[in-house]
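Taken one at a time, structure 1 and structure 2 that follow are two forms of one protein chain, written as structure tokens.
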Structure 1
């Protein structure tokens, strides 16, 4: 089945971080996922976590540029959530062999592998960032994640000038890189 024009537009919006597109997808797909999780031994909270993780998979896929969806969006989201939930159930050792309405639909193996890799990268970076302590963490986040400029940062963090702040930023960056790569090289 081909994706219809509407869904392609939504995915494009998602890739560009367009809030109304994300909201539309969220509102359309959430109830279906919630029913799936709750019928299979989960709670509303589990449903939210699983659905949001699936949204991240979709977001990463949409952003990668090479996105071709050869089924309906609904089927894709369903398949991803199914995989994520089965994995979670297994982790909690609550596996149910004849899961309600959990039959295989489209294969998402490849996407899940990519996602697992990205997710472990994400966790590594999160761990490294929390390891460098304050004010390093906030300083780097302000510059690299919130993309604020150095003069503004110097003012907010109480440095006398932008050069001082820059110097401190590079020191922090070195530490972050060291922490990150010590983990990263173990995994790759």
Structure 2
């Protein structure tokens, strides 16, 4: 796979300390790295540190003059960050791979496809949730996101008892599923 012209220009800009190239790479890649780190026992601060280390690796490669990017820039950045994070987890003893596990990793392209599909699904769910209307949206958020129990929800939403709140939650969930899957079918 050949690198596209914009990515080549970004790498050249990075090699020459061009502020706009650095900011563009950061804007395009950071959220992906943050998601990777946070979803794998890390914090936002860990994500910043790992991304900075990856930028240093990328900078040094770009400056070498002999670096040839054979994949998308996001794939390369993701791969570097993933490897750096696995090493850090191993050092913190939160992740103990088998001796060969660090070398034999799943293809980054497969990971990126899964990551992109998950993000797409989340966006569709967010769209369905915003389209469901009130009080369903608030009721589902109270139960699934805020982890409130049915008795508490019944009191907050004015239902006579927890069973009525549970029935309403079920109806709302069915509406949400219908909206989500109608949106999902449109994207497949």
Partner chain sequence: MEQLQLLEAVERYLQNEMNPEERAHFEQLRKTNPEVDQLVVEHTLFLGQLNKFGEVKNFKASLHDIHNNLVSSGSIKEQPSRAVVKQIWKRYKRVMAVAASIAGITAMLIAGMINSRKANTAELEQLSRDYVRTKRTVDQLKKQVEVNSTEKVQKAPQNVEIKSGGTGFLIDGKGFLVTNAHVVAGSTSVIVQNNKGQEFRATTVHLNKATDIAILKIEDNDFKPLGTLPYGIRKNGADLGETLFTLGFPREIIVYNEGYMSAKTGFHGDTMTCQIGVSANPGNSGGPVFNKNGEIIGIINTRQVAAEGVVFAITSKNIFNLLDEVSKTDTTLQKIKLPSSSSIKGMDRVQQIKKIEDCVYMVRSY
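Numbering follows the first chain given and starts at 1. What you see is a predicted model, and the numbers here were worked out from it, not measured in a lab. For the two forms, the rigid core is made up of the largest set of C-alpha atoms that agree within 1.5 Å on superposition.
Chemist: Mind telling me which structure is the form predicted together with the partner chain?
Modeler: Only structure 1 matches the form predicted together with the partner chain.
Chemist: Taking the rigid core as reference, does the Cα of residue 22 move 2 Å or more between structure 1 and structure 2?
Modeler: Shift of 2 Å or more: no.
Chemist: Superposing on the rigid core, I want to see if residue 172 changes position between structure 1 and structure 2 - specifically a Cα shift of 2 Å or more.
Modeler: After core superposition, the displacement of the residue 172 C-alpha between structure 1 and structure 2 reaches the 2 Å mark, so yes.
Chemist: May I ask for the C-alpha shift of residue 130 between structure 1 and structure 2, in Å, based on superposition of the rigid core?
Modeler: On core superposition, this C-alpha lies 55.2 Å from its counterpart.
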